[in-house]
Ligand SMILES: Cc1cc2nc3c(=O)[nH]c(=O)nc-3n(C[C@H](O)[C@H](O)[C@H](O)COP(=O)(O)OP(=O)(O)OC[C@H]3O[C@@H](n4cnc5c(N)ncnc54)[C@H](O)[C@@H]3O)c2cc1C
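Just the one chain here, laid out as structure tokens, in the form predicted on its own.
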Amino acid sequence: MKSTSKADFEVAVVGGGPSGSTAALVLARSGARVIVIDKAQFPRDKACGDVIGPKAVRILETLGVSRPADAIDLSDVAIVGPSGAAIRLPSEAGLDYSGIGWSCPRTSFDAHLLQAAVTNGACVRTARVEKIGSDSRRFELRLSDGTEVTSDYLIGADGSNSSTATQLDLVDSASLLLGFAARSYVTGKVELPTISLWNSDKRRLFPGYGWAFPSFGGRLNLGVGVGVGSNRKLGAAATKQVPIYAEMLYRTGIIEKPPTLGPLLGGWIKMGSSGTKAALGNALLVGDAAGFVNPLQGEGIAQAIASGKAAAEVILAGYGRPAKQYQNWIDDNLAPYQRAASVLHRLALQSPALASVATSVLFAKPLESVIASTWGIFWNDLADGAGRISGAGSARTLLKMLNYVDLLSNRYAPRP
């Protein structure tokens, strides 16, 4: 984009992560004049487990996005319970996804996806969006470098602390379902990508989990995520637990050598779409900005890519006010799982002792073979495309039951 004081586009995308870059790619490929505005110069890093799940891989393939050079394949996952018992969650191909995901550092993955958008004609501007104004027809964005950008449509893709969502008054901070994650890279290897659950004290389940995922170049992505509800003061627990969790991995033999932690990087996660309205008029929120993150395990890249693609397609369809059509897509594709998983997330936060007992049951040997497939499908939000994979039917039944629980809890909740 030329360095001018004013620039006009059909669509302005605030944020160049996976959701924003996907939206820009789809829009630019169809001939729309689109600009991506991000405060950071790419490549840049993000606090993340670096896992791109099977759903996300499938969408990228349909969009013609090549596999990043430093991506490695992931399939089955080991879940380690508080007692030290482990369950292997199998990864199998569904109707519309394969059984393979990727592990790829966000430094390279996000830059790779943004470059795909640029190659197809998207413009990029490195600046902060200081103010969003609008009249009855257009948006006016004032950037930190003095540029003014006008657009017909606005896509907010600027993460869990979305300034776009805040400025458009689409967030109720008291209703948010937040998490905080901290991670480091260490030298080492694990037999399988590993997720660990443990009791914090007195048989009360720690309100989060730890992970050790293989990464490019013989490294491990090692981190801890914690659920905090809407209380941001509790986020420090994740950072404090990372070295403790690293030592636990060595002590239990999951990794061979005591790990030397690299720099810690942390970030907030907005989950379950709670407390956020995803669309208003010609403004659409995608990815983390809308809270499209799995409330059980914190994955958000698949939802980011899917929502970015959907938002772009709604705009390209030519609806005068795309908010209703985009919300319909959310209700059909993301909302059922977001609601169901949020029920379990809130229950675990409110009743850690009960959550500890339930977790012990999941790891009981007689139930392991029955539970593993169902857990793997539900945990990773794969039920809708799982077809007749073992455990798919019970995962879909669980999804329906939890949505009914959510419906009843909302119906009979005390009114303010």
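Don't overthink the numbering: it's just position in the shown sequence, from 1. Model, not experiment: these values are computed from the prediction.
Missing here is the form predicted together with the named molecule; even so, the following discussion is about that form.
A heavy atom within 4.5 Å of the named molecule in the model of the complex is found for one listed residue only; from 345, 106, 112, 339, this is 106.
Only one of 94, 322, 267, 259 lies close to the named molecule in the model of the complex, with a heavy atom inside 4.5 Å, and it is 267. Each of 37, 48 and 158 is positioned with at least one heavy atom within 4.5 Å of the named molecule in the model of the complex. Mapping the unseen interface onto this chain, residue 193 falls outside it, with no heavy atom inside 4.5 Å of the named molecule in the model of the complex.
Taking the partner from elsewhere, residue 316 is found to have every heavy atom lying beyond 4.5 Å of the named molecule in the model of the complex.
The named molecule in the model of the complex is approached by residue 14, whose closest heavy atom lies within 4.5 angstroms of it. In the model of the complex, the named molecule lies farther than 4.5 Å from every heavy atom of residue 295. Heavy atoms within 4.5 Å of the named molecule in the model of the complex are found in one stretch of 147-155, 249-257, 115-123, 286-294, which is 286-294.
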